[in-house]
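The chain that follows stands alone, in the form predicted on its own, written as structure tokens.
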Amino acid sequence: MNDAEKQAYLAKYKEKKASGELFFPHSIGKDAVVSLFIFIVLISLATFAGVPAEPPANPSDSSYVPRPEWYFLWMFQLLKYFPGKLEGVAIMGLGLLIAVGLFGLPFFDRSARRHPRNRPVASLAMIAIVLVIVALSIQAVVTTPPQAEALVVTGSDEAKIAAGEKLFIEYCAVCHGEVGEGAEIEGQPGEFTNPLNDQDFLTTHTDDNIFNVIDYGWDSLGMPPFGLRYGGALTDPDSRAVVAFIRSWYVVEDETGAENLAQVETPSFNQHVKPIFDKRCASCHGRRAKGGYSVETYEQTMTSGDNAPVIIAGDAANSILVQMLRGISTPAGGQMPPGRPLSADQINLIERWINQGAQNN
């Protein structure tokens, strides 16, 4: 810049300064408007676009795909081109280059001209840098795979239960049955694992108890660990999804429904009796048919069992089933269910059904 240009610039500068605007309220007002606009944009993105739910941090999960925040994606992608030991060199070198560039900018460019058209080299360099950052960010989004485990456990409770069901069938059903009813132990004919869908089990075990068993295992019972940190295949969110599926078997006692049973004069097997059997008896006397007795179908309910028949149509008092429900000792055993007996209304309803002919109605 020659002396004439310098003098002209200073004159123009004084003119602009004399007719300029105040920092308050003009500049602050503009900044406030821009800040409000950015705030509205961020709130709108959070509301309508949402924030993807990532799985909790788990150092033992080797399948985790690291992905930084969006403003670091370009650097994340850039480091992919510096494999191995070169990655550290790139990190230090790039950081040092940026720092030197920022600190040295006043010394590198001492021109008084600020309009982009008067500074083609600087303007083109900045445009090139911005385009490279945008291109690397887009490439990082496209080439980085999504978190598969996050897809398993996000969403509504129903989605988590559905995901847990798939994992349970894949990893647990071989020993515990598809719905936790228990399965025959390999190499031990006639021996079954304890049911997990039993209401007493679900009542006395918290979600954390069940999670810890899945995660750590139970060696003395032959239960291997399934948590990644202990050599298994499940992440923490996966195990929580399995717990949600197991917990979905728990049915809260309906006190109102229990009271209404007393008002049912003509019980129906399918509407009144079978639901009680399914809820309180099928865990042991369903597919596993403990003691040879199964309540899976009406025919099995009436004819199966090592001491069959356990139900005498028209004679509830002499039916082994009723006697065991009331805690009376029989050749087939004592109190059933063994942990928590049926309510009086439930037993009375079953008695009425038997005394009325134990029909498949």
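Treat the numbers as computed from the prediction; the structure is a model and nothing was measured. Residue indices: 1-based, along the sequence shown.
One more form of this protein exists, namely the form predicted in complex with a small molecule; it is left out here, but the text below deals with it.
Here is the short version: of I133, M223, V141, L94, the single residue with a heavy atom within 4.5 Å of the small molecule in the predicted bound form is M223.
Residue heavy atoms within 4.5 Å of the small molecule in the predicted bound form occur in exactly one stretch of 117 to 125, 201 to 209, 79 to 87, 264 to 272, and that stretch is 201 to 209. In the predicted bound form, at least one heavy atom of C284 sits within 4.5 Å of the small molecule. Residue contact check for P68: none of its heavy atoms lie within 4.5 Å of the small molecule in the predicted bound form. Contact annotation: T297 falls outside 4.5 Å of the small molecule in the predicted bound form, judged by heavy atom distances. When contacts are judged by a 4.5 Å heavy atom cut-off, E158 does not count as touching the small molecule in the predicted bound form. Across the proposed site, N194, K290 and P338 without exception bring a heavy atom within 4.5 Å of the small molecule in the predicted bound form.
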